[in-house]
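Read the single chain below, which is given as structure tokens and is the form predicted on its own.
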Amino acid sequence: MSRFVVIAEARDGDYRPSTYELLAQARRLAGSLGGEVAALTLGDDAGLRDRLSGLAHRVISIGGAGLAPYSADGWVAALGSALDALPARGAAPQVILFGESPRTREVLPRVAARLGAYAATNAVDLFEDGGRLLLRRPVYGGKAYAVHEIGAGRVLAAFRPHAFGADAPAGLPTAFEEVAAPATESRVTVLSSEAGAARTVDLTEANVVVAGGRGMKGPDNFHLLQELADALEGAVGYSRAVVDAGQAEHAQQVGKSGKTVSPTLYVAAGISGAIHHIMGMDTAKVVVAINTDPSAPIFGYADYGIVGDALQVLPALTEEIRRG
């Protein structure tokens, strides 16, 4: 029985890092709870599936029209059909794991409704305790965490990037299988697609995020954020106030209505720390806050706080880091 199934999402010639993280956690849990690990691939990842060899007991590839270019209707039909047929193929999953992404947010609820399964999004942990399988996710705007026990019935769960390490032992004997997606008509026709401006590091998957708020005093100073991010091999994000002012793209917004990030290091420069913003970065491992106001709420979430002007502190930090 494949107790865990990971939906492998491809992008830019490889699977997203969250795919490897989820497979690693599934292997850890399968080692303690029993059962197999399966990876489900679909769409535009032809030629990539060999990269999953050793990482799962079986890799099931869904092929067919309507999967590339991506359309939500095609993916929902393909995933719903494939997951529904898994018990007959000797793989009755208990948990289907997704990485949080725009596609996941569009597809997961519809697949769960189609299957009559439970759904959980924005999860941060999946772990075993005394033989029980437990899932943790934030509630009440990130002010608390709920722990859910996974019992009978299927659960579709989406996890934040960096929720798990990808270093679990691999080397599993892997069987490769192929299934055909059902023919389906999409209500939306993709006429063309245009890539946004290329970024060295994806915001949601970056190990380091340097984020700026109103305290940066406008776009003329945003290069200070980028210089520190470049020195740390990280990505740049912004608060909602900056994005609402039209000074940065929504794709770089961190917060409830923007991106959720879980980096190893999060630098908040000139950000007050409204709960809307905290909800997007509260699972960062280490938070460094820079603000001129010593009573700014962000300091209540920070591991290290610097009371000072970000326009002066950021260049000094960048210089020290470059100096090594």
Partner chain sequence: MVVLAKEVPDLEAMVKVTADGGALEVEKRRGLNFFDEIAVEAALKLEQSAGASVLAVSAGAGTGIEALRRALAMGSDAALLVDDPALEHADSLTVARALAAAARREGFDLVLAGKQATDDEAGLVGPMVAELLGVPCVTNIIGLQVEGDIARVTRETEAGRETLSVALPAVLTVEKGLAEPRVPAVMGVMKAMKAQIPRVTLAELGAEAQPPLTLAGYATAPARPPAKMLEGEPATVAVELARLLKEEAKVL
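In this text the structure is predicted, and so the values were computed from the model without any measurement. Residue numbers count along the first chain shown, from 1.
Although it is not shown, the form predicted together with its partner chain is what the next lines describe.
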| query | finding |
| --- | --- |
| Answer range among 143 to 151, 216 to 224, 176 to 184, 161 to 169 for contact with its partner chain, defined in the predicted complex as heavy atoms within 4.5 Å | 143 to 151 |
| Pro102, Asp282 and Ala302 all contacting its partner chain in the predicted complex, non-hydrogen atom within 4.5 Å | yes |
| Distance check, Ala78 to its partner chain in the predicted complex, heavy atom within 4.5 Å | no |
| Leu67, heavy atom within 4.5 angstroms of its partner chain in the predicted complex | no |
| Contact label in the predicted complex: Leu48 to its partner chain, heavy atom within 4.5 Å | no |
| 4.5 Å heavy atom contact, Leu33 and its partner chain in the predicted complex | no |
